[in-house]
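Given as structure tokens, the chain that follows is alone and in the form predicted on its own.
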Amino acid sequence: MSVVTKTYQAPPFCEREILRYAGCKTANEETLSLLASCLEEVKEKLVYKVCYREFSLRISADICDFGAFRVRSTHLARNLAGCEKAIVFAATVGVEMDRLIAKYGRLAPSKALVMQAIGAERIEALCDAFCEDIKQEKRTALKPRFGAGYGDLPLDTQKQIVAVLDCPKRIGVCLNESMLMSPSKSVTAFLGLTHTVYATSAQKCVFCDKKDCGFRSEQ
């Protein structure tokens, strides 16, 4: 299968998730006003793009073989166990989010913090929308998506993903020398196609061993 590129409409904003990413357990009137101001500023400036490719998958011990490339990771192999096919994808909400974060990093740090949180919520919402799209299109259930840098999956796996998906051309996502993506509010991930229904958005952290993570989804 060749690489497919999709552009999405903006998913609904979830203020509760944005506040969680901002580390705000309770929000007063001032915080809510700041959040409303930031949302108004970003809502027309973001793009929602995904590129992906479906691969046949073979797993041997801790080696995940996608044909075009191979990855060594016990945690990824555990995540994809039982899958004969997997989706490898990259998603981004574009460069404007980075520009707003940089702008307010100089002018208003509290606003920059909220912008960071909005960016985190936006890319997660885009990934959720894409996963639901794939589930409907393929008429299958999905394993929780698993990204480079999680567990024992090396961050430099992103180099292989970006190359095989041609991300710079497809959705404008590049890597720097530290294997970090630009735009920063971008992700790459593996998505196993399965017949077992359990991979809901509320369970996306189920394969992560970091139990004390402040951003861990509630189970």
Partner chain sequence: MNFSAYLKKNIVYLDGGMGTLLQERGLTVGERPERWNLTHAETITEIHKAYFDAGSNVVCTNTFGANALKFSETELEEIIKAAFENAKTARAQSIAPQEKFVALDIGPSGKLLRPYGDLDFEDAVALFAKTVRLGVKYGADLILIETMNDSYETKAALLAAKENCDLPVLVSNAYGEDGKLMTGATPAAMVAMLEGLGVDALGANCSLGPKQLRGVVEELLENASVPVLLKPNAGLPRSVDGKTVFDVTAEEFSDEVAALIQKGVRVVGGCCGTTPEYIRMLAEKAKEYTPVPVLDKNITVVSSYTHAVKFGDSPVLIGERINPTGKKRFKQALKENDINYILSEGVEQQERGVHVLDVNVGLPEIDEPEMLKTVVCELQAVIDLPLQIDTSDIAAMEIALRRYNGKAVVNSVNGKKESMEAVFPLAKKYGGVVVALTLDENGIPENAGGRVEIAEKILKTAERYGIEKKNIVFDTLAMTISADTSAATATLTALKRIKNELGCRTSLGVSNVSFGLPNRDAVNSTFFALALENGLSAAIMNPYSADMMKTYYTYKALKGLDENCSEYIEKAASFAAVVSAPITIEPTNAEAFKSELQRAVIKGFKEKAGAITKELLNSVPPLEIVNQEIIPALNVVGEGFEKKTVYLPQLLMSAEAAKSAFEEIKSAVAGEGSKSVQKATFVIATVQGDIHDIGKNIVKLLLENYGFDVVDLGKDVPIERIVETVVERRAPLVGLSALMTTTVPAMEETIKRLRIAAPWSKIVVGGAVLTQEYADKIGADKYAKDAMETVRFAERAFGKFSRKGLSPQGNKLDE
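The structure displayed is predicted, hence computed values, not measured ones. Positions refer to the first chain, counted from 1.
A second form of this protein, the form predicted in complex with the partner chain, is not displayed here; the remarks below concern that form.
The partner chain in the model of the complex is approached by residue 169, whose closest heavy atom lies within 4.5 angstroms of it.
In the model of the complex, at least one heavy atom of residue 116 sits within 4.5 Å of a heavy atom of the partner chain. Using a 4.5 angstroms threshold between heavy atoms, residue 59 stays clear of the partner chain in the model of the complex.
Interface membership of residue 105, defined by any non-hydrogen atom within 4.5 Å of the partner chain in the model of the complex, is confirmed.
Residues placing heavy atoms within 4.5 Å of the partner chain in the model of the complex fall in a single listed stretch, namely 97-105, out of 97-105, 118-126, 76-84, 140-148. A single residue from the set 42, 193, 34, 187 has any heavy atom within 4.5 angstroms of the partner chain in the model of the complex; that residue is 34. If you take 6-29 and check each residue for a heavy atom within 4.5 Å of the partner chain in the model of the complex, you get 7, 22, 23, 24, 25, 26, 28, in sequence order.
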